[in-house]
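Only one chain is given next, in structure tokens, and it is the form predicted alone.
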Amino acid sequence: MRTIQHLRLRKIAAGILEGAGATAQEAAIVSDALVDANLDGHDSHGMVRLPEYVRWMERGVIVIGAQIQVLDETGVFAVIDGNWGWGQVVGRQAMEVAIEKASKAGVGMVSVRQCSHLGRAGDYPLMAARRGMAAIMFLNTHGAGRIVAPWGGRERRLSANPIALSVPRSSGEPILVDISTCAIAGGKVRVALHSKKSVPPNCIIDAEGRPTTNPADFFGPPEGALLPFGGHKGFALALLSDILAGALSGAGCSRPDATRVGNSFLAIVIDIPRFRDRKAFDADVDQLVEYVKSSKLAPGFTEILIPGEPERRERAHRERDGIPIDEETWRQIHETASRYGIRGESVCSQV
């Protein structure tokens, strides 16, 4: 394990992406999104994804320079085709459409298909929250990316199908919920494999459906699967997220013949002052947070944190002390850089 400053990682990621053929703007947006995920402690959506992204570029899975296309719209909603552009680019452009519609109509919705991997789902509702709006987002993987067993099954049938929500606060940073509907994100299993660590119990099963903590049992061969979080409850949320993201956008739901992994999603943005006085809304949110935090602590806990607080604390720590990168991920980044003739101190040396 090595520790690297976030500014250096941003430069490394952008250099590799641009060297592999991304535009300068795409490289900057994607590299910032990856490193921001690391800063918040979500290493499963950080630099560990970079080599995979470059492989997708090489295979044409990500279309460089793609522009979004609005297929249908009203003052409230839009159906958008991302034309397989960078997920981090398409997702931000689509959210801008939803935010603009919400600012005019009170509610804005976008249903998006043919979007490459979005990265961390929470980034997009957070865009709205930082402008004083609430947002919710449902995702699937365009019918492919099947890694989760249904409740009661042992074969891969669903994707992680994340759900992300964010609400603004005038007295502090937004509340942000970003959850996979499985017990652990697939990227976190990969990080555990690279780090030679176990995963928590009750998160994955092997190919025979037996619970395991060995990340290698997930990847196989033969492949295991992730479990839905909370048993049947997580499974139910996964199913609905798959439908709202896939069936509504035209991307389709999880199915055996889907092979191109990307994202489709439904995002709903709410302009709070159109529904209620913002000061009254903020007072209710602050009262709730204060009331929740006033609970007597359970054994083993020192405080109660609301969603988004752990990430902000981890960001402050990692901005100061650097981002940990496991040796296998670093080896893959170095190998990817070398394929494009990117060498030298900016990539090879540890900070």
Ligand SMILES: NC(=O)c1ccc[n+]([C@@H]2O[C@H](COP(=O)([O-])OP(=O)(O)OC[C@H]3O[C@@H](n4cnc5c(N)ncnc54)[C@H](O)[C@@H]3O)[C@@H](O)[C@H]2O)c1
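Heads up: residue numbers just count along the shown sequence, starting at 1. Keep in mind it's a predicted model, so treat the numbers as computed, not measured.
Absent from the display: the form predicted together with the ligand. The rest refers to it.
A heavy atom within 4.5 Å of the ligand in the predicted bound form is found for one listed residue only; from 162, 168, 215, 85, this is 162.
Contact annotation: of the candidates 177, 193, 105, 258, the single residue with a non-hydrogen atom within 4.5 angstroms of the ligand in the predicted bound form is 177. Figure note: of the listed segments 273-281, 205-213, 185-193, 126-134, the one touching the ligand in the predicted bound form, with heavy atoms no more than 4.5 Å away, is 185-193. With a 4.5 Å cutoff on heavy atoms, residue 305 counts as touching the ligand in the predicted bound form.
Put simply, residue 311 is close to the ligand in the predicted bound form: some heavy atom of it is within 4.5 Å.
Contact annotation for residue 113: none of its heavy atoms lies within 4.5 Å of the ligand in the predicted bound form.
When contacts are judged by a 4.5 Å heavy atom cut-off, residue 225 does not count as touching the ligand in the predicted bound form. Taking the ligand as positioned in the predicted bound form, the only residue of 260-290 that brings a heavy atom within 4.5 Å of it is 263.
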